[in-house]
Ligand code: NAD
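Consider the single chain below, provided in structure tokens and representing the form predicted on its own.
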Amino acid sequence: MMSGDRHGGSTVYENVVAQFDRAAETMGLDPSIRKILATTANEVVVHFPVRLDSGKIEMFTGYRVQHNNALGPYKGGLRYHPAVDIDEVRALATWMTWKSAIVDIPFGGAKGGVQCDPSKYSQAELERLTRRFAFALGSNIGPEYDIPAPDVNTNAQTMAWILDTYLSMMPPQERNRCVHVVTGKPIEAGGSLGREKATGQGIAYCIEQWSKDRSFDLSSATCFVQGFGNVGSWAARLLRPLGVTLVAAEDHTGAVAHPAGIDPDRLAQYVRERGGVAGFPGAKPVDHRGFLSTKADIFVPAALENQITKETAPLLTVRLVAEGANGPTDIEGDRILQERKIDLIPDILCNSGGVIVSYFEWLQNKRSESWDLEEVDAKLRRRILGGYDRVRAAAEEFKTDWRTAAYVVALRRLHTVYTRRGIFP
């Protein structure tokens, strides 16, 4: 079973701060700008009532943290999870700022969520919860101000409810101008083609580019994936046409392995029907340590934070870790991967496909356009590989690891904006 977000000993936000400090030292970031970027801009906490199907009222706590908007409107997902707290949301909002800066899109960073276990509520209860949360956030979100998207345990349906609630609060003549208040919407409600697979697609593009850089033949490569939700399942399915065989998968229900290969499409279908990978026919169950010890070329952690730690990093026998999740590796885990010469494509580059295609959706809505899938994929490839090239160049320039290099790319871009615009007043 996967560990929670604090089993590595440090909180997720402490990891973010440590990574930021290291990059700021490496590049000699201006101390004044460093102060600004080390702090979130706004932190919204809302408590709101929801009527359950039983007629009882339950109180929920929701968060929206806005880290920085120097590059454009705040942007980031909303998650429904029992572990959601201000510390985690701060960390995720900060990562969003760096992510947008690396791939050169005009967004800042935000994140939010509701502390709850969505599996305990009916669809009707989740709809009421979502609508009340959107209503409680009120003018803290907006199409040119702060644009939510799906994240852990939220999806296109969640976004459709938020959209409808937000539009209901607008004057009638303004409503069609506000459709881009959320991204990750259903296609019929203004969503973009390619959005559902975007994060997994971006991971596949990054891995493909890494293999070219390393002259490594993907056509006989193996991978294992932690987390088989949207990101993990799409990554496995999109790596398959490149020749990469999935040999193990793990989620909150357990882990399964089959050295001869697991069909990722069949496994994704099984997870949709059964709610998890446990019991998948044609693969044998393995424990958490056994899963992490899987012999393969590529590991894609696509679950929760702090999975690769000083306890688990020594178990990995891979050439590459491609981070599909946000913050799956803590500081000690990072150090061990570097010592063991395991390559790493860091989260703020590797999983940025989601925010890139969110940007495309936002643009399409603003322009009243609809792009075909080929156009979305081609533009996504260009954006994420542009980020990949910038991170690779920074790693060479500063003779540093890829995570620090990714931060340097982001901080440089923000540094330029602040030095040109100045600080008000």
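Residue positions are given as counts along the sequence shown, with the first one as 1. Everything quoted here is computed from the prediction, not taken from an experiment.
Keep in mind that the form predicted in complex with the ligand is missing from the display, and what follows is about it.
Partner contacts here mean any heavy atom within 4.5 Å of the ligand in the model of the complex, and among 129 to 137, 157 to 165, 279 to 287, 319 to 327 they occur only in 319 to 327. For the residues 226, 192, 312, 201, the 4.5 Å heavy atom test against the ligand in the model of the complex is passed only by 226. Screening 257, 336, 268, 152 for any heavy atom within 4.5 Å of the ligand in the model of the complex leaves a single hit, 152. The closest non-hydrogen atom of residue 252 lies within 4.5 Å of the ligand in the model of the complex. The shortest heavy atom separation between residue 303 and the ligand in the model of the complex is within 4.5 Å.
When contacts are judged by a 4.5 Å heavy atom cut-off, residue 354 counts as touching the ligand in the model of the complex.
The ligand in the model of the complex is not approached by residue 115, whose heavy atoms all lie more than 4.5 angstroms from it. The partner is not shown here, but in the model of the complex the stretch 88 to 114 reaches within 4.5 angstroms of the ligand through a heavy atom at 99, 111.
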